[in-house]
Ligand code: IYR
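The chain below stands alone and is given as C-alpha cells, in the form predicted alone.
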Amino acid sequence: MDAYERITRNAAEVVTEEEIEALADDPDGKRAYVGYEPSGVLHIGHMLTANKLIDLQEAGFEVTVLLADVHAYLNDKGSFEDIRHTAERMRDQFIAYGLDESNTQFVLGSDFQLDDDYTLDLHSLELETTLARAERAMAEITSGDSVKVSQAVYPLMQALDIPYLGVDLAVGGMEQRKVHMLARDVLPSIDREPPTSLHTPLIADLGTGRGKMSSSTGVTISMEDSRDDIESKVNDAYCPPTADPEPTDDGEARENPVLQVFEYHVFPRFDTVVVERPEEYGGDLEYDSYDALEAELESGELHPADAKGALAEYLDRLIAPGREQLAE
C-alpha cells in the first residue's frame, strides 16, 4: 500500500483530491490534526478518526491531537477544571488505543486560544461571517431550540485552530465537513491558506442501522465496556445478511453497522480476521480483506451470528488496553 492509498483508505471524502495527492508525494514531516471535546471515555466514534491518525502516522505524518477544552466550555460541558481533568484521561486512552506516543503531540485549546493574536484573528473572522453561515457550520454541535452566542463562535474557532496549530491536513468525521468548508471560505480573509481536509464515514446506529451511532442516544461502544458488555451490544446489533439493507417502511435509509465496524475498525488494525465456528458447521473461516468477509455474508457462507461473534472478539482486543488504562 503506497502513501496515497494509506492516507485515503476508508475516507468518505477528501478536499481536495489534488491537495491530498501533493501531500502523499512527500508525506514525511507533514502534520495532520483532529480535535476532540474532552468527554471522558473514548467511544467508537473517537476510535474511527484515531484509526485514520494511525494510518497517517504509518504514511509518515506527524499527528496533533487537539483536546479542545475551550470548545467544551463554550458548549457547556462543565467547569474548566473538570474539562481539563477529562482531557488528561483521554490523552492516556489514545496512547493505549495505538497512537504512536513519540509521534503525537497533544495540545490543549487553552494553550493558544486565549492569546491576544488568536482573539484578534477570531474577531476578524466574526466580521467576515454572517450568523446564518455560522449556524449552518455549527448545526452538528447545537442541542435544543435556542442557539447560544458561544455556539456561533465555536465553528470559527475550529477554523482558526487549523493555521494556529500549523497543520497540513485537518481530519474529522463527515459531521465536520461544514466546518472545514467554512474554514476554506473565511481563512483567506486573514491571509491564511484554505485547509486540506479528510473526512471519515459515519457509522449507523448499532441497534437499528439508521442515522449515525451516538454516545448520547442509542447504543455505542466505549473503552469502559467489559468483554460481556461488548458481546451483549454486538449480539443485539442490526445485521441483515447484506451490506445494502432495505430501507425502513418510512423510506429511511439503513446501513449494516456490523459490517461498517468490520470495515472501518477491525480490518485497518488486523491483517487477518478469523471467524471461529464448530467443525460441524464448517469450521473456522479466515479473511484477509473486508471485501472477502462482506462477500461471504452476502452469499450465505458467513452467518450474521458468526460475524457478530468475531466482531465482539476483535473489538475487545482493540478496547482492552484502554479499558486496562482506565482501571489503573
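Throughout, we count residues from 1 along the sequence that is shown. Because the structure is predicted, anything quoted here is derived from the model rather than measured.
Although not depicted, the form predicted in complex with 3-iodo-tyrosine (IYR) is the subject of the following passage.
Site annotation in the predicted complex: the residue of G40, P27, G45, G35 reaching within 4.5 Å of 3-iodo-tyrosine (IYR) with a heavy atom is G35.
Interface residue among S197, Q176, Q93, N256, judged by heavy atoms within 4.5 Å of 3-iodo-tyrosine (IYR) in the predicted complex: Q176. With respect to 3-iodo-tyrosine (IYR) in the predicted complex, the three residues A68, Q158 and H180 uniformly fall within 4.5 angstroms at the level of their nearest heavy atom. Only one segment in the set 83 to 91, 158 to 166, 244 to 252, 181 to 189 has residues whose heavy atoms sit within 4.5 Å of 3-iodo-tyrosine (IYR) in the predicted complex; it is 158 to 166. Interface membership of Y73, defined by any non-hydrogen atom within 4.5 Å of 3-iodo-tyrosine (IYR) in the predicted complex, is ruled out.
Contact annotation for Y154: at least one heavy atom lies within 4.5 Å of 3-iodo-tyrosine (IYR) in the predicted complex. Interface residues of 87 to 104, taken as those with a heavy atom within 4.5 Å of 3-iodo-tyrosine (IYR) in the predicted complex (partner not displayed), are absent.
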